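This document starts with one chain, in the form predicted alone, laid out as structure tokens.
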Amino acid sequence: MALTTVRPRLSPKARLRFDRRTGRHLLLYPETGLELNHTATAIARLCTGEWTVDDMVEQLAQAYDDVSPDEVRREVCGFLDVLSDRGLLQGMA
């Protein structure tokens, strides 16, 4: 299966939460968490299992029209790789 046609979703052990204290989103998982910037939050929100990687890139390229689609693809794939390496994604196999 090609990477661009998979439908990644956050692992059940990972939770996307808004931190009112810092005003940023956090991706929480057992014993730790990641503070997400705006772009990472946008990508994580699309990890529902509904969207393919291609769909995610297309949506984000429209939202960030000042960034080339190739750069959007690199950012999406890079962030998904980080999440996958940490065991925080399903559907990437």
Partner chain sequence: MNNEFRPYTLIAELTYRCPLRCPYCSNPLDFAEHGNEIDTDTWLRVFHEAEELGVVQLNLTGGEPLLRNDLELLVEEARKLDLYTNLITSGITLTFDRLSRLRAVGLDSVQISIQSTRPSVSNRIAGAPSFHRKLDAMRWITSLDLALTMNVVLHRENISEINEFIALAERMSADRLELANAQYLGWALQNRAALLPTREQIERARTVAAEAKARLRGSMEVLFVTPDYYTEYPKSCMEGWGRRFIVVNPEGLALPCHLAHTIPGLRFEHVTQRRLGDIWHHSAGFNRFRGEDWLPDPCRTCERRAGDFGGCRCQAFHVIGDAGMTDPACSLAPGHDFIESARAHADRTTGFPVLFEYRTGRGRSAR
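Numbering follows the first chain given and starts at 1. Predicted model, so just to flag it, every value in this text is computed and none were measured.
Beyond the structure shown, there is the form predicted in complex with the partner chain, which is absent from this document and is the topic of what follows.
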Review point. With a 4.5 Å heavy atom cut-off, would you call E31 a contact of the partner chain in the model of the complex?
Key: yes
Check your understanding: Does the 4.5 Å heavy atom contact test between R15 and the partner chain in the model of the complex come out positive?
Key -> yes
Review point. Should D85 be counted as a contact of the partner chain in the model of the complex, where contact means heavy atoms within 4.5 Å?
Key: yes
Review point. Are any of the heavy atoms in L26 no more than 4.5 Å from a heavy atom of the partner chain in the model of the complex?
Key: yes
